[in-house]
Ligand code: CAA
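Taking the form predicted on its own, here's one chain by itself in structure tokens.
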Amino acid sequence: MKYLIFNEQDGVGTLTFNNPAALNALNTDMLQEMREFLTDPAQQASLRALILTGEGKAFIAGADIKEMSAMTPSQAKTFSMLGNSVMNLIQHYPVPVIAAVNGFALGGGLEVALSADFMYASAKAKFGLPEVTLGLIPGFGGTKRLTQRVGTAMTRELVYTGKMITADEALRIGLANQVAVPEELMAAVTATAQAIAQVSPHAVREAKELLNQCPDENAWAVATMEYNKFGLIFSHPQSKEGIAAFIEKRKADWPAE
């Protein structure tokens, strides 16, 4: 892969955006590489959690403005559709995805981070949707996901002003789950990913699927999905093993699905 580096250890994968000379800016080729990775069953087979991070001083500093400058309206729509499809793949990836925001997460970069299940941030990270400063609007699903994360009023303020906020402000408004000094960011994210890797992978996938439905469904629809899933999960070998391990006061040995 030209723009991505992937490593895996003990069920925890790390996908690094690797175009530091351009601050990891999203171009068409990079988005297509991401789509190919995210739809590859072979990459998913052994994963329990996936970490996204950036090489250099940026997570992703935005979309590639030089590439966008030559786009026709039709090409811009196609670019937005590609970006939206990749963000949806991240959101619905079979295992939890954690964004380790090591630096600038602006525009499309913030939209990538928002597509993850949650994000940890370096104290040096900066966040924002600055599209209006270019006469544009967010194009990769960021308005909806940011609203779900921090609420309508805060989203409107950030989108209408295009301003950048610090990691501490991101933590205060609920955009980031945790802030770490730069040298400790990956250790903090990896520790959480490893904790996820220790529990039932089947239960985590079922929980993620349910959580992804919550924002778009009413309470009764979610409750219906929940009790159906809750009942069905009792037939799965991993639930039987988890309950038995608890009763027998031992560590669960999760059977393959």
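Position 1 is the first residue in the sequence shown; the rest follow in order. None of the values given here were measured: they were computed from a predicted structure.
In what follows, reference is made to the form predicted in complex with ligand CAA, a form of this protein that is not presented.
- Interface membership of P96, defined by any non-hydrogen atom within 4.5 Å of ligand CAA in the predicted bound form, is ruled out.
- At a distance threshold of 4.5 angstroms between non-hydrogen atoms, K57 is in contact with ligand CAA in the predicted bound form.
- Of the heavy atoms in P182, none are within 4.5 Å of ligand CAA in the predicted bound form.
- Ligand CAA is not drawn, but in the predicted bound form it has a heavy atom within 4.5 Å of F140.
- Contact annotation: of the candidates A207, I65, I196, A188, the single residue with a non-hydrogen atom within 4.5 angstroms of ligand CAA in the predicted bound form is I65.
- Note that among 124 to 132, 145 to 153, 88 to 96, 171 to 179, the stretch whose heavy atoms approach ligand CAA to within 4.5 Å in the predicted bound form is 124 to 132.
- The partner is not shown here, but in the predicted bound form the stretch 90 to 109 reaches within 4.5 angstroms of ligand CAA through a heavy atom at F104, L106, G107, G108.
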